[in-house]
Each structure stands twice: as C-alpha cells, then as structure tokens.
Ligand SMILES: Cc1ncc(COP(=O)(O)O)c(C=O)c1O
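One chain comes next, on its own, written out as structure tokens in the form predicted on its own.
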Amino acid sequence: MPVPTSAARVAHLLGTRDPGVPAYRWLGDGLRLLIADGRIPSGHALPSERLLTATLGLSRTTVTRAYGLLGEAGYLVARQGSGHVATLPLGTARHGVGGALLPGADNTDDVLDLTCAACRAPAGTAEAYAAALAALPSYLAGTGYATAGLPELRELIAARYAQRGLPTDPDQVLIVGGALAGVSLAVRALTSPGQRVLVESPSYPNSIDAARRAGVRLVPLPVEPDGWDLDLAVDTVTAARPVAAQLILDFHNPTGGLMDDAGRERLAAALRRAGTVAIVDETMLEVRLDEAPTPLPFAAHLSRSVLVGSSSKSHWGGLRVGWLRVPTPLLPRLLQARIADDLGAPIVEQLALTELLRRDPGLHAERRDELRASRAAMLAGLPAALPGATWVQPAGGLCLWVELPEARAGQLASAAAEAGVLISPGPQFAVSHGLERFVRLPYKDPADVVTEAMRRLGLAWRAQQEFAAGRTAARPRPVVA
C-alpha cells in the first residue's frame, strides 16, 4: 500500500494561499511543486478529496479540478483501493540518473547504480528555479556574461566562509560551472606542464584526470582508510617541493576522512616552506552527518590556498554551479584563465542557487536524516554481503571506503554488474596503480534501495569467489561523482 500523506501535512507544506491566483490553480501548482521537490515523494498517497476539502476550506469542485490538472500533467495517478497516488512524468523517479549521466549506457530501472555519489534535489529546488525565472527579466537587458559571477551569490558565499572563521571579500569569490571545473581551472592557471603536483591517492578520479590533462607530473600522497599519515605527508612535500597540491580534507572522497586543525597546521607549514599552492576541494564539506569537530578552512592555516566549493552535494548536481575562494594576489591569474576558458556560469542556475543559499546554506535537514538512514542500512547489510571486509565509518560524506578480505575489487565489480548493481573498484581512485582490495560504496539512495544493493552485492561476492579462477574484470564504469 502507498504511504499516506496527511491532509494536515499538505496544508502545512502549501503555506498561505495566494489570493491573486484561482484556488484550483494555486492548489494544483502547489502540489505539483511538492511532488517534483520530493516533499511528497513519488509513490505516496495524497489525501482524499473529502479530507483535503475540509482541511483547506476549499470546495470539493476546486480540489477535484486541481487533482485533475495533476493527473493530466503526469504527477498523479488513480489506483483502485489507494486513491490518488503521487508520481512523476515519464513514469519513473530515476529519469536522468542512469543513462543520462553516461550517454549510450544501457541502464534500466532495475540496475542499482553505486558509481555516482550524488543525491536527488532537495525540497525547495523547483521553487528556487521558479523564483530564478521570475527574477531573470531584470538581467535580460545586459549581455548575460558574468565572468566572476553574480554579486549577490558571491556575497552569500563570502558570508558562509566568514561563518566558518575565514573572513572573505566577495571579490575573492569566482563562480564556475561546478567543482571539477574549478579544480581544472586552478590547476591550469597555477601550474605549467612538467611541474610537480601533489595528489592524494586514493582521490576523486576526475580531479586526478584534470591534473593529468594539464601535463603536470603527479606526486602521489597515500591516504589510509583512517586518514592521512602526516609524517609521510611532510616528508613527501619536503622531498618533492610540488608547485601545487590537490587536496580533499573535508570528508575525503572516497575515504570520508576529515583532517583536524592540528593536522592542517602541520601540513600547511610543510607546504609553506616548499612554496606550494594548495587547491582544496571542499565539495563534501556540508555533508556532515554526525557530531564532529569543525576544523577551520585550510586557507586559515595557509593563506596561499585556493578553496573549491560546489552546490552539487549540499543541494543538487544539476545546478552545475561551483566557486573558488582565491587569495587576492592570485586573482588576476585565475580570472585571465577563466576568460580563456569560458565567460561565466549560467545566470538562471546562479539565481536558483542564490535562493537556495538564502534559505539554507548547508545540507537540508530532511536530506541529512535520509542519508543517516541509508548509511545505517549499508552498515547493517555489509557484514553479510562482504564477510571479512573492513571500513571506517565517516562522520560525513556520501560513501564508505570498504577494504575487501581479498584483492578482488575488479572481479567483484564485474560480478556485481551481472547481479544488477554497479560499483566502483579501488583502482579507479588510484593515482597510478593498486587499491585492488578496495571498493567505494555510496549510500545516497533511499534506505530500502541500499538494503537491496547490499543483498545483490552479497550475491556477487559469493559468485566471484566460486568462479574466481576463470573470471576477468571487465572495464569499470566511469566514476561520475
């Protein structure tokens, strides 16, 4: 049976009626936004017309007409014994999550994709876009180019840095088309081909590739499942004297590690002595799930640091808006490289993110609760799925970095695909080679989906053990996020 949505909750979510809009249109549009946002999830039952009529103080005809509009638009279906059930157009809540990420991928709704550590849009996203479109006409008289970004968005981001203990002038903020674009821009602007760049291993594969495309020489810095070896880090920086260091210090992707202030100060001192610029990816920063110390931004320890932020994990990947917090002396180099790259991020997306940041600069509370439940489901299912595997539970981020009892990550990924679940083997996160004992498992899906994924993963683990001798690892699916 579909989960019921009470009339009282619908009334609360709808808020005050707009007297300038016909009642049926106000109700229909409001419910459509609530379903699109996920505040009334697809598959949940809407209140009966009678209950909603009484709760909202509207006529039965008004509610019937509003429900009719929802049905015509594909946001509601009538089911025998269940009444009216929320749904999404095209009949799938996963549209744009499978093959749309990788054109040509032959995904079906039955395949569970754990190669992408990103969530659906939070409640309020559709409303933010509606507000952005309402504000757009005042920008149409201009050229539409905003190389550094919209002033109001840069001010909000600068204020967020100040809240974290790092005073920031809005002029230090440069809006870009996502965190990966920001990392790529910083590497290109601050390095030259052949120079050394320190890169963590494991790390986010696309960031590693961004450094490779810049033609630099990669210097790997091993990151263990329980964090960074600071002695090794200092020694590596001292010996290599890299021109730049790509780092993920806040809920590291993929290990989930969080470097404390003492570690940051020690690493910063080594980078300062070496004359190294730090490029710090803070994409996962806002995905804080447990109580944990909140370290200062790395730029508070090393002023010569470019901080890279993004809305992709805190809000939604589809926004494609990221930013750089740049030390003032480095701004001319970054701006010049930006102009050669592109002329600015899309205006509508910047306006939408401005609306979202005004309401909630961090992770939405409902999303945090969902992620905690999904993580708990994964932790409950892993011991049976992968007997003998080990992991460190992170205080934030979107995934577990799981060490297998045997070096069979590639074979497991192949067997898992046959079982209907896609995973990313450890070697994809390595700077050069190794990590065959590890897999990254995101818990970004609903808890029941994660539970099913763990069941399938268990089947895959047993299958690859039975046929290990004859099984070869297939080419792994690219890591998207």
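Only a predicted model underlies this, so the values are computations on that prediction, with no experimental measurement involved. The first residue of the shown sequence is 1; numbering continues from there.
The form predicted together with this ligand exists for this protein as well; it is not shown, and the discussion that follows is about that form.
In the predicted bound form, this ligand sits within 4.5 Å of a heavy atom of residue 204. Contact annotation: residue 179 falls within 4.5 Å of this ligand in the predicted bound form, judged by heavy atom distances. For the chain shown alone, residue 304 is not a contact residue for this ligand in the predicted bound form, no non-hydrogen atom being within 4.5 angstroms. Remark: residue 76 does not count among the residues lining this ligand in the predicted bound form, judged by a heavy atom distance of 4.5 Å or less. Out of the listed residues 312, 350, 255, 246, 312 is the one that sits within 4.5 Å of this ligand in the predicted bound form by at least one heavy atom. A single residue from the set 284, 267, 199, 326 has any heavy atom within 4.5 angstroms of this ligand in the predicted bound form; that residue is 284.
Contact annotation: this ligand lies within 4.5 Å of heavy atoms from the stretch 276 to 284 in the predicted bound form, the single such stretch among 276 to 284, 405 to 413, 363 to 371, 226 to 234. The partner is not shown here, and in the predicted bound form the stretch 439 to 454 never reaches within 4.5 angstroms of this ligand through any heavy atom.
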